[in-house]
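Given next, in structure tokens, is a single chain: the form predicted alone.
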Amino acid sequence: MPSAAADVWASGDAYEPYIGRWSRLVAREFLAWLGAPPGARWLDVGCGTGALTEAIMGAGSPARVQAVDPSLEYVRFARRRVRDGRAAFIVADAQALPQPPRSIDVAVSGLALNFVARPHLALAELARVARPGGIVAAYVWDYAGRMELIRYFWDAAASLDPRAAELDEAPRFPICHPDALAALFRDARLRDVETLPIDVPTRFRDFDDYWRPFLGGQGPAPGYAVSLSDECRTALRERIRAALPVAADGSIHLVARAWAVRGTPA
């Protein structure tokens, strides 16, 4: 089995059934926690397929939302999905945002901060563009704990191939922990830093509904799955199938936990 593979972010259609459908559930809880006032100017950094931007449009009553992502394909997908004149999607690097200083009321990032090469620079940029007294916030998956659909995958992969641990998001991204997130926000000179666990149900009709999205190749776990030989991928699939809790009707009920963090620019 291979010991390394690059993370791929090239197909919005493949990402949606894997993570997008669950990200939308987290986004709603995240926005309720933020409680931002209507008419705010928002920035969504690492917008991906537009899940968080779409939620902001539905629940946040924004004046406008600027959404950025480094993947041109994801930006194109988000533009097609979110057809609202208040939303603008552009290709940009989280570590060098094009927005001017203090021009944003609410600067957020959903499920992206850990994938940035230098997350402290991305957070410094979020803090730079946010106005004093505004909101800077983010959420990431709890890869080491209760992001169960991914945890079952990597636990099974590591039992077959110890080298799979090199790609497991839990050790790769120690930032995805409330203490680490809070420290990152405080280091960015943000005040009143708070964290929150957000748990959402991830219910699969059957094992195929769980497994099929891993064949889309989007992100670390699917990238690893599609890099395997047919024989190794079948072994992994059956190891996961044996470990998952399956109800009498064949459905699988798991939990996806995200850690959210927020702070106030000085």
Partner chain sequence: MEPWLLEILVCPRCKGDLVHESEPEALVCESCRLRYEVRDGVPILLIDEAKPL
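Treat the numbers as computed from the prediction; the structure is a model and nothing was measured. Residue numbers count along the first chain shown, from 1.
Another form exists, predicted in complex with the partner chain; not displayed. Remarks below refer to it.
Site annotation in the model of the complex: the residue of A170, A127, L97, A78 reaching within 4.5 Å of the partner chain with a heavy atom is L97.
The partner is absent here, but in the model of the complex a heavy atom of A87, alone among L113, A87, I135, L149, sits within 4.5 Å of the partner chain.
Here the chain stands by itself, but in the model of the complex one stretch of 156-164, 172-180, 99-107, 141-149, 99-107, has heavy atoms within 4.5 Å of the partner chain. Heavy atoms of P70 reach within 4.5 Å of the partner chain in the model of the complex, making it an interface residue.
Taking the partner from elsewhere, V65 is found to have a heavy atom lying within 4.5 Å of the partner chain in the model of the complex.
The partner chain in the model of the complex comes within 4.5 Å of a heavy atom belonging to D93.
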